[in-house]
Every structure is written in C-alpha cells, then in structure tokens.
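The chain below stands alone and is given in structure tokens; this is the form predicted alone.
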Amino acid sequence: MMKSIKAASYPVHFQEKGYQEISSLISKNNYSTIFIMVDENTFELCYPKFIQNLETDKRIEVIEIESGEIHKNIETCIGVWNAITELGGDRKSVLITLGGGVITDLGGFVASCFKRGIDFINIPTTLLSMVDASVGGKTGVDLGVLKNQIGLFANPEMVLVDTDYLTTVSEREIKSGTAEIIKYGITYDRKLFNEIKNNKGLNINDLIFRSIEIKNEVVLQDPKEQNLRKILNFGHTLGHAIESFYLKSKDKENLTHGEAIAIGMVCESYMSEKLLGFPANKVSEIKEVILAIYKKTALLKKDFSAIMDLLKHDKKNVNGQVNFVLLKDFEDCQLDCKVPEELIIESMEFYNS
C-alpha cells in the first residue's frame, strides 16, 4: 500500500484510496459540473475504469481532444475552452485530466485560465505523466515546435496515481517514462539509478513512488525553478531540442519524450566530463544503461545545425545564453553551465560513436 504524498498545496493519492478521496473532494466542494478531459485512447482504455470508481451525482461532461504532442497547442485549448463554455461551465466547475503528459500539461493550463482559474485534478495514465507531469505545478502548451513555451505554474487540487492504467500503454511509452526515472537516479538518488542498471525484479510501483517523492522534495524547496529545481532539467536542454527537431522533420519518425531525453542525458554526461571532470567511467556507465534500454537514434551530422538553432529557443536560456545542468558526480549537479557550441556538437558525435 503506497502512502499518500503531500505536495505544495495538494495531496498525491495512490490506487483505491485516490478514488475515495476524489469522490469526497467533489462532494465537499460541491462542484457545479465535472468536466473530464481525455483523448481517443484514454477515453476507450481508461475512462471506463475511472467512471466506475467515481461516486457522484454531479453532471459529468467528457471533452475529448486528439492525442499526441502535435496537438499540444493553443488551438486545442481554444477548442476546449469553447466546449466548456457551450456545456455551461462556470467558476464552480472542475476539470479532471485523464491521460498522459499532453493531457496533464494542457488540461492544467486550460483550467487555470478558464474564467481566471477553475479547480483541476490530475489523473496521469502513462508512466511519464505519473513520474513527471502530474506533480510540480507546471502547466503549458507548445508554440509551434518549441516545447512548453506558453504556460503557467498552477497546482491541482489533487493527483490520483493508479498504476493499473499502465496496462493500457505500449512498451515504448513505458520506456519513455523510464528516462525520467533514470534522471532522478543520476541527479538525486544513485540507488534508484543502480536499481534500473541491475534490473533485478524491479517493482514499478516502488520506482513510481520514489520518483514522485524526489520530484516533490525538489519542487517544495524551489517551486518556481530559481535554483535547485533546475536539476530536473538534466538531459532536457539538448533533449528538448532533439525532440523538437524530430517533431518538425517531415522525413523522420517522431521520438518519444523519453527517447529524446535519453540522448540528451548521454550527451550532457559527456559535456560534464569535459567541463567539470565528471569521471569518464561514469559517463560510460550512463551511456551503457541508456543504450541497453533505448535503441540508438542516428543523429546525422547534417542535422546538427538545425538542432543547435532549436537549442537557442530553450526557455531556460537567459540573455541568449544556453544554460545546461551538468554533473560533477552522481547526485551532484552544477547549474547554469555555459557550454561552447563545438562541445555540444562533439557530445552528439560521442552519442553516435
């Protein structure tokens, strides 16, 4: 039985307890309407289970958006705002997000802006959204291919993590979420990294619980990412640029978020060795663990300059300087590192080698 975790202003509940808590929250707050946001996959695969476990006599309206990062934009938000308005949504409505990272990020953003903010509840259904998007109060959408460029900090009333939903997602999606768990292991808890490395009888519930616990500890100390929270960006600076590049390339298959972040972690480990003396054997260890899980993506030399251009739009940049989080050691990061362009390119060549 996983005990609940207390985040900033909201609890994270697990399994059965979550459904009891959500039903009592709804009756206590006397919401006028319950809007449930899904995509075509979670409507088919997750909604039936959720609705069976929800005890309420309130009016329920389901709003379905199309799945995929490509729909994580302001146009989709406008569609949802229009739907809520047409269905008579008011300030006492609540929005429940039932889905992966796109639904969680976009749903929280939609709720926080509608009539200057209505309550929302997150029910992440993918591993990635459970260990990352559901906690920490970041909401937002992409601007073109630039990730999470428009958004705000807003906390849900509650998060419900039910790991049974993981049976509805593909192996590839599970691997995508694993990248964030590896990141927590490298930057915050070496033991977690070792568990994935040794892969002996891994208990996914334990990994999820520990990941949420870590993210929450970090976010409580630094909610608006002034300092410590930046460690959660390890692998993401270059990783996001690679993810965006594949999103906008007509002739390439998209990478999942985790696949792109995994490449980013290998490259940024290499930069860490060159700039901060992170031991070479640990760089190799990270590369081996990652390549054992993710098949190699060929980063083509001719694409490097397009990736570099996207890097310059990263929202963590200040004064046009790209800021990286690099490693002095496991669990020991240095924030706001400036990395010369040639070293970034060299790190992509290292990944390829």
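Residue numbers run from 1 along the displayed sequence. The structure displayed is predicted, hence computed values, not measured ones.
FYI, the form predicted together with a further copy of the same chain isn't displayed, but the following is about it.
Here the marked residues K248, V289 and I293 all miss a further copy of the same chain in the predicted bound form; none has a heavy atom within 4.5 angstroms. Contact annotation: H257 falls outside 4.5 Å of a further copy of the same chain in the predicted bound form, judged by heavy atom distances. The closest non-hydrogen atom of V318 lies within 4.5 Å of a further copy of the same chain in the predicted bound form. Contact between K49 and a further copy of the same chain in the predicted bound form is not found at the 4.5 Å heavy atom cutoff. Remark: F109 counts among the residues lining a further copy of the same chain in the predicted bound form, judged by a heavy atom distance of 4.5 Å or less. Picking from 91 to 99, 165 to 173, 190 to 198, 277 to 285 the stretch near a further copy of the same chain in the predicted bound form, with a 4.5 Å limit on heavy atoms, gives 91 to 99. Among E69, D314, E61, D39, the residue placing a heavy atom within 4.5 Å of a further copy of the same chain in the predicted bound form is D314. Though a further copy of the same chain is absent from this view, in the predicted bound form it lies within 4.5 Å of a heavy atom of just one residue from I204, L228, I74, L220, which is I74. Looking at 48 to 84, the residues that come within 4.5 Å of a further copy of the same chain in the predicted bound form, counting any heavy atom, are I74, E75, I78, W81, N82.
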